[in-house]
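The chain below stands alone and is given in structure tokens; this is the form predicted on its own.
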């Protein structure tokens, strides 16, 4: 597919619409932040006989660069902090929840069901069931939609969903040969058998196994995939750096303006109180240009600065049936409406989840791109975002891969990720989905829009998209 795309790019069928990206430069970043989406008279997506499900509140710990202030904690510590922050912000009684679901990717072996451990640590009733899900970078998306499913099925009225990732300390295993030897030692019955097994250990057996950083099915790292995808769609290094600068600049402005309302303060044991994300670092194009390619050397275009960074953090969201929320005196932030999961070729289309998910969820909701007031896409890499934009804006891609008569259309940049994104705010794999949904709810309130769309890619060639509707103010 990559070679087909590259050949098509060269023939001019897919044009890298540079004006789309550089046109936004004429707007000051401040103007973009303050841009108000004109409130439109649109119908609600409520359906007769279908239960309305609402986001009551969403919170997250500050997202921090791995190896910084959270370095001595464990994943359940961060998840517990997010849950306690949610309890504090909502005044929710600890026994008023029917179920708790958490998403995570690289699991701590001591707390394999981190949802349960965090819930108990946060003081929730031990009568509340909890389970952990994993779906790569859309793990907390899966936690939220699992909550929606439980409520829609009438199993629950109130569910807490969230996610956590802790990259400061990941499980490192002995090699497989060493593990087999150690297990055999445990079963050995005589001294002779033990000595024989110990004597079979070689230096190579002591080499550790790190958590996989490559796709199991392709043996390729996501960074390599992002570099190839950017090349296939003709996304230049300059375009990627410009988008990264935009993300960090908008995130900094949103942080300074107090718009990141979901961030809670967290007193790290033995350390300071943390109240802000620490990966937001606005830079200049000159500084960005000095960095060398991180994956495909020496000619790649993906660098450390136009990629999301290893991040520690946790998020939590209170999801309820509208009836239950109102009965408890809450004013919901948004309705959680239609959602889809998609999956495609994990080699050449690994990061195109938003392109496949966006038209499907719009069709389910009966909406078009022009109906959407707020877009929040997960920024794994600047090249990944812009490749998705160009795929969405390509008639050829729409006809060849999406089975459409014409293109879907790219989100307008004046509606897109206006408070920064994963490139700048950080990306704790299991926690990002909740941040995206909560940000959409807050932006709809702030900007006066009615519909928001979340989309994200994930390892394995998977993706998620969801439509969110503003709650009447």
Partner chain sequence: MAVLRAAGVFSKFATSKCPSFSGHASRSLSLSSSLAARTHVSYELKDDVAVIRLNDPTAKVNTLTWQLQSELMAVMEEIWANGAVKSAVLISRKPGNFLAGADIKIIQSANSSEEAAGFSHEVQKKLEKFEKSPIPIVAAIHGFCLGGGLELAIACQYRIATKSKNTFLGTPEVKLGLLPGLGGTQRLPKLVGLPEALDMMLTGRNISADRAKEMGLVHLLVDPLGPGTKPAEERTIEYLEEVAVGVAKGIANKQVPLTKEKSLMQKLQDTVMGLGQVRKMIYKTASEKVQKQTKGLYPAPVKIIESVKTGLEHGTEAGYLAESENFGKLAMTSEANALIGLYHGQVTCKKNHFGTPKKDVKRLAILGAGLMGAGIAQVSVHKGLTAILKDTTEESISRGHEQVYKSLNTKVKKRALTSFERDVTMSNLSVQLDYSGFQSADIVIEAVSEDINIKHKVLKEVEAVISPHCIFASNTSTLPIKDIAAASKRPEKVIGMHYFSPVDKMPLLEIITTDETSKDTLASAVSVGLKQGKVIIVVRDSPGFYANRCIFQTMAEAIILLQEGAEPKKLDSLMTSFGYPIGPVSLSDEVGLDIAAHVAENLTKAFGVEGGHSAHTILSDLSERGFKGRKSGKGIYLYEDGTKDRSVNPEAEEILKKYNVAAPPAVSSDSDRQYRVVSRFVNEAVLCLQEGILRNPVEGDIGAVFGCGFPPFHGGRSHT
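Bear in mind the structure is a predicted one, so any value in this text is a computation, not a measurement. Numbering follows the first chain given and starts at 1.
What follows is about the form predicted in complex with its partner chain, which we do not show.
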**Asked** Can residue 157 be called a contact residue for its partner chain in the predicted bound form at 4.5 Å between heavy atoms?
**Response** no
**Prompt:** Given that the partner is absent here, does residue 337 sit within 4.5 Å of its partner chain in the predicted bound form, heavy atoms only?
**Reply:** no
**Asked** Any of the heavy atoms of residue 252 lying within 4.5 Å of its partner chain in the predicted bound form?
**Response** no
**Message:** Although the partner isn't part of this model, could you tell me whether residue 176 comes within 4.5 Å of its partner chain in the predicted bound form, counting any heavy atom of the residue?
**Reply:** no
**Message:** Looking at heavy atoms inside 4.5 Å, which stretch does its partner chain contact in the predicted bound form, given the options 255 to 263, 197 to 205, 347 to 355, 93 to 101?
**Reply:** 347 to 355
**Asked** Since exactly one of 217, 287, 221, 184 fits, which has a heavy atom within 4.5 Å of its partner chain in the predicted bound form?
**Response** 217
**Fill in**
Interface check vs its partner chain in the predicted bound form: of 232, 280, 245, 78, the one with a heavy atom inside 4.5 Å is 232
**Message:** Suppose contact means any heavy atom within 4.5 Å; which members of 373 to 398 contact its partner chain in the predicted bound form?
**Reply:** 390, 394, 396, 397
